[in-house]
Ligand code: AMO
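Only one chain is shown below, in structure tokens, and it's the form predicted on its own.
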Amino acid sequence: MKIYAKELKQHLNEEIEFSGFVDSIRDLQWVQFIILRDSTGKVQVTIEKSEEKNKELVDLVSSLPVESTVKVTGKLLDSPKVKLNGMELIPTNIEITSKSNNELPFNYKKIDGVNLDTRLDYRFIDLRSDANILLFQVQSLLVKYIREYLYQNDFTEIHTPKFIATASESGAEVFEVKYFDNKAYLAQSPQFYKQMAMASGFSKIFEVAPCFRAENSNTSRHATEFTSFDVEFSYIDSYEDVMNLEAEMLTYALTKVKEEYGTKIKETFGEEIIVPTLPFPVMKLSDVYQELETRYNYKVAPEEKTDLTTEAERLVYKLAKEKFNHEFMFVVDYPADKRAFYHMRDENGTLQGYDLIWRGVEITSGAQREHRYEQICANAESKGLKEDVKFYLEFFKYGCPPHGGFAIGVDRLTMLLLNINSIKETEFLFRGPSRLTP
């Protein structure tokens, strides 16, 4: 069983085997130092050149390229003089398990000036950096604690199909694929199946899975494939129940991430994890635009006020901090005709949904869903979708409780948490209009 770097303190003064990448080599007159790393940390290997028994090791290390992988057998000593964690490994044997080429495509430890596309072409090299290893450890932890919050609140995790038979939500934004002798489409979201679970009596469900959007968009926050964290639950009284659950969920997860990784995030990314207070502030869309005009002289044409512009989202973050001393803001009262047909409207036609803005970017569109059969049929028909979503409308024909939900993009959430410039850097492998490899 491999001993990881974070476990080494438990093995001081023991004969051990340690495997990892060769991070660096210092070959001095009387001694060689090798720094080995794995995904949890680093350790120094020290070889005294003056000792005859070390001659083979010295010769091996002298021709060993960095980024090779090795297995080192030796004694782990407590050495306070060693700056790297106060310990060193004195080897009796070094086995090269793989040998790197002498020159990397770029120096992943110094990426200033390295083109992002070059980094993505060699993503397997780019991901070796300490910052990237930490980024995905943080992302993993974020997902873990969102899951944990939901499990603690009796949610069931489900897995819905990604092949769908009709281009249902927006035909222009789905990928068509050959499915034996038929056409199929990659799902934009699990929305219809989340609601099917509500009609099935599941009450509370969530899913973490890929979603696909055929949007020819090259912004810093869009991707054609991304990981979505979807939540849906029944027996709600209004969309405010959905907002409250999401706020509690995010607060729980951010609290846990700060406890476990707050210091490392600050050291590596220079970002302080700010745990939000409850409740999150809420403003109507019309009031938001009025405030933006009054405070920041931001004006848009009336026809643009049916949604938040990119600049308005950015200013909402500033507004939330100035007006409420908060990082998050819910924006409500969007025009119903601009939203999906399955979002509920009240008796006045007002949309029963919201957007959640964090750090100047929309991270969630949530809503109470329409669950009444006659009404959802009418909504679909008004959008010209009734035949396309016939299978979906069947879900509501035999009873379905009031319900609602939301979705969060995991990659976008990570980007905002760590103040990363582009979603391309927070996806393990980015997919966009011009990138399908590696």
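On a predicted model such as this, the values are computed, not experimentally measured, just so you know. Position 1 is the first residue in the sequence shown; the rest follow in order.
Below, we turn to the form predicted together with the named molecule, even though it does not appear here.
Peer 1: Only one of Glu248, Glu291, Asp121, Glu215 comes within 4.5 Å of the named molecule in the predicted bound form by heavy atoms, so just point that one out.
Peer 2: If I apply the 4.5 Å criterion carefully, the residue I get is Glu215.
Peer 1: Taking 4.5 Å between heavy atoms as the contact cutoff, choose which of Glu88, Asp126, Glu207, Glu362 touches the named molecule in the predicted bound form.
Peer 2: Filtering the options by heavy-atom distance leaves Glu362.
Peer 1: Given the stretches 279-287, 220-228, 70-78, 249-257, which is the single one in contact with the named molecule in the predicted bound form, using a heavy atom cutoff of 4.5 Å?
Peer 2: Going by heavy atoms within 4.5 Å, the stretch is 220-228.
Peer 1: With heavy atoms only and a cut-off of 4.5 Å, decide whether His403 touches the named molecule in the predicted bound form.
Peer 2: Residue-level check for His403: no, no contact with the named molecule.
Peer 1: Is there a heavy atom of Ile423 no more than 4.5 Å from a heavy atom of the named molecule in the predicted bound form?
Peer 2: Contact with the named molecule, yes.
Peer 1: Could you confirm whether Leu60 comes within 4.5 Å of the named molecule in the predicted bound form, counting heavy atoms only?
Peer 2: Leu60 lies outside the contact set for the named molecule.
Peer 1: Would Arg345 show up as a contact with the named molecule in the predicted bound form if we use heavy atoms at 4.5 Å?
Peer 2: Output for Arg345 is no: heavy atoms all beyond 4.5 Å of the named molecule.
Peer 1: Suppose contact means any heavy atom within 4.5 Å; which members of 176-203 contact the named molecule in the predicted bound form?
Peer 2: Ser189, Gln191, Lys194 sit within 4.5 Å of the partner.
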